[in-house]
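Just the one chain here, laid out as structure tokens, in the form predicted alone.
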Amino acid sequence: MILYELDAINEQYFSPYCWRILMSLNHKDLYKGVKRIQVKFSDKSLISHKGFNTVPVLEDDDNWTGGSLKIAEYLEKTYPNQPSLFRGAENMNLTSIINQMLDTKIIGILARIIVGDVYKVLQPEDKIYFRETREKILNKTIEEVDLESSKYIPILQKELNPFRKVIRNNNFFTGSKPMYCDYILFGFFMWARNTSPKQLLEKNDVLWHWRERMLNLFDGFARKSNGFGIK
């Protein structure tokens, strides 16, 4: 099994979508059998010959699957005897809705907080592509966005309030054990952790404690990754 993920300097692998799958593979007890291959922004030939333009992409024997949610669903259906990521088809459908909501709301806000930091951990050959594409999306230079980054942290905090309510009386979003819906949000925090020194949560925040529990999963798998630690 091969996971194609986004490259970065110093092995500071940060893609939130790839982190969803890294956690899912650990959840399914499949990670030890996985080879990780890095794909550059500027050269996607490792996956483009199979029709993919973004990571993560999972190659499992002759099966190629792209997109974090589709990969998670593939793992669930292909390895049903391993721990479940969804606990049933109904929860899988609900998770799909949560996935769409989070991607729509969180990615744009968080990008405006950390895009300047992400730029610094890119491979040198990827910086031109990243600058051209992200500045077109943000309609500002990376440096201009970075100067305004602090004003978006309170906006992010507000968007996270519904998740605080869910987690207040639970260790994880669905109860005592993590599920794929936890990995969706956690992927965004790993995006920030492995690229940026900016502080997103306070230590008295219930989401801070949830994130600590997530970092401790699978013998501290995520915590051991190269990044800036928890801020």
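What you see is a predicted model, and the numbers here were worked out from it, not measured in a lab. Each residue number is its position in the shown sequence, starting from 1.
Below, we refer to the form predicted together with a small molecule, which is not included among the displayed structures.
Which one of these stretches, 166-174, 27-35, 196-204, 49-57, sits within 4.5 Å of the small molecule in the predicted bound form when only heavy atoms are counted?
Going through the listed ranges, the match is 49-57.
Is Y17 close enough to the small molecule in the predicted bound form to count, meaning some heavy atom within 4.5 Å?
Contact with the small molecule, yes.
Is W64 one of the residues lying within 4.5 Å of the small molecule in the predicted bound form, judged by heavy atom distances?
It does not: once the small molecule is placed as it appears in the predicted bound form, W64 has no heavy atom within 4.5 Å of it.
According to a 4.5 angstroms non-hydrogen atom cut-off, is R134 in contact with the small molecule in the predicted bound form?
Contact with the small molecule, yes.
Under a 4.5 Å heavy atom criterion, is A8 part of the interface with the small molecule in the predicted bound form?
No - in the predicted bound form, heavy atoms of A8 and the small molecule never come within 4.5 Å of each other.
Thinking of F41, K44 and Y129 as the candidate spot, does the small molecule come within 4.5 Å of a heavy atom on all of them in the predicted bound form?
Checked in the predicted bound form: all three residues contact the small molecule.
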